[in-house]
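First, one chain by itself in structure tokens, the form predicted on its own.
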């Protein structure tokens, strides 16, 4: 592992990148103990505080973990999808909230990814996934449910659809689409949408999944996408009209 002292890049960032590359390439394996701070400082010809900052960067990305005690130190972490969900959601939320992507672009991405789950979810969904979806539909139909609670239930419903595919890679990729993009979409469209319409579409999805009818799930998701896009257009037009 090497760095370039002449590079304008921060030395701690270079060290973190070098160690990250070693982990990705397999030169450092899961649960392997990294050299001590003193050894890394000597290897990279930098101060120990610089090494410490590099290790903090890696720990923030869940690539390493630290243990105290005589047998402690920094170890290569075993990543899992659940631990990285929050990072995926945060990144997606920032992209939308900072207007890096348009509503239509986000909507297209979200439903394209979710529709990719439909055939797998129709095959693999469990009774628990269906029960979650039915429970959320029931919750959505309760009088007096706040907009925030309805939006949270909406997210939980689609999370169950995605998780029903039984593929952790898809679930991870869709964490941002469902748990970041969808709440922001809900914030934009909730004043214009009909809860009854959404509940009806959710019921159709749950019925189709129970029947293992992937084609109908896909068709209903298309309807839901078109409905969501139309809501956003209606809200935008309403804002453009003079008061």
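Positions refer to the first chain, counted from 1. Note that this is a predicted model, so its numbers are computed, not measured.
Keep in mind that the form predicted together with the DNA is missing from the display, and what follows is about it.
This chain is drawn without the DNA; in the predicted bound form, the residue among 106, 122, 74, 170 with a heavy atom within 4.5 Å of it is 74.
In terms of contact with the DNA in the predicted bound form, the residue from 47, 203, 43, 61 that brings a heavy atom within 4.5 Å is 47. Look at 65 to 73, 212 to 220, 195 to 203, 22 to 30: in the predicted bound form, residues with non-hydrogen atoms within 4.5 angstroms of the DNA sit in 65 to 73.
The shortest heavy atom separation between residue 234 and the DNA in the predicted bound form exceeds 4.5 Å. The DNA is not drawn, but in the predicted bound form it has no heavy atom within 4.5 Å of residue 16. The DNA in the predicted bound form comes within 4.5 Å of a heavy atom belonging to residue 12. Looking at residue 207, you'd find every heavy atom of it more than 4.5 angstroms from the DNA in the predicted bound form. By the 4.5 Å heavy atom rule, the three marked residues 132, 134 and 159 all fail to count as contacting the DNA in the predicted bound form.
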